[in-house]
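A single chain, nothing else alongside it, follows as structure tokens in the form predicted on its own.
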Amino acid sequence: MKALVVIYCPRQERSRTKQLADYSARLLKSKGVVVDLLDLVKDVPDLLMPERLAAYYNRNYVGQKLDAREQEYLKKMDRMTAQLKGADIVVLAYPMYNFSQPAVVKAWFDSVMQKGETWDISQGGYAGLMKARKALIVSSSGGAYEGDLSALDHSSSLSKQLFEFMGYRTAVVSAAGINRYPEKEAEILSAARVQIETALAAFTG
């Protein structure tokens, strides 16, 4: 079994999210899972700028053969897509920024959500091509978005929707309220680790 741990933790070792991502990786390795790491701080996804978008559309929608220059436009997107397709389990870990995903995380999704590779469409509608795969979303936030504030959380809910569109079975762990309740930081992180253990046990069992 193989796993891909995708992290965006610009605070590096000071990041609580990285602590949880590292914990997830250690748990997977302890279960005999081969773990690959993609650090989006060091390996920044390409954006769908005009030339890249045109090449993707021509290849994946029209079926056009690309020339060498056009293939180069899609080289990093294709590498990240192949890396994702090679994993049975994905752990995506990042902090919430302004109620949603950091832009780099969305750029990664835009890179790997490729028609004909991770999803497709036919007369029957959309179909995820990553069925039987699992995705664990680990997110942290300074605020706690519960009750009336739950509508402000567009972070883990968006990641969950995107993974499930591709066919993944998902689980979400949110370490929320770390700044709002600083006296509870240890408790919040401990609870998140327990949730991670539960999710990965289900994924690897």
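It should be emphasised that the depicted structure is a prediction, and the values quoted were computed from it without experimental measurement. All residue numbers are counted from 1 along the displayed sequence.
From this point on, the text means the form predicted together with a small molecule, which you will not see here.
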Name the stretch, out of 32 to 40, 175 to 183, 66 to 74, 157 to 165, where some heavy atom lies within 4.5 Å of the small molecule in the predicted bound form.
175 to 183
Can M96 be called a contact residue for the small molecule in the predicted bound form at 4.5 Å between heavy atoms?
yes
In the predicted bound form, is there a heavy atom of the small molecule that lies within 4.5 Å of any heavy atom of S15, even though the partner is absent here?
yes
With the cut-off set at 4.5 Å between non-hydrogen atoms, does G143 touch the small molecule in the predicted bound form?
yes
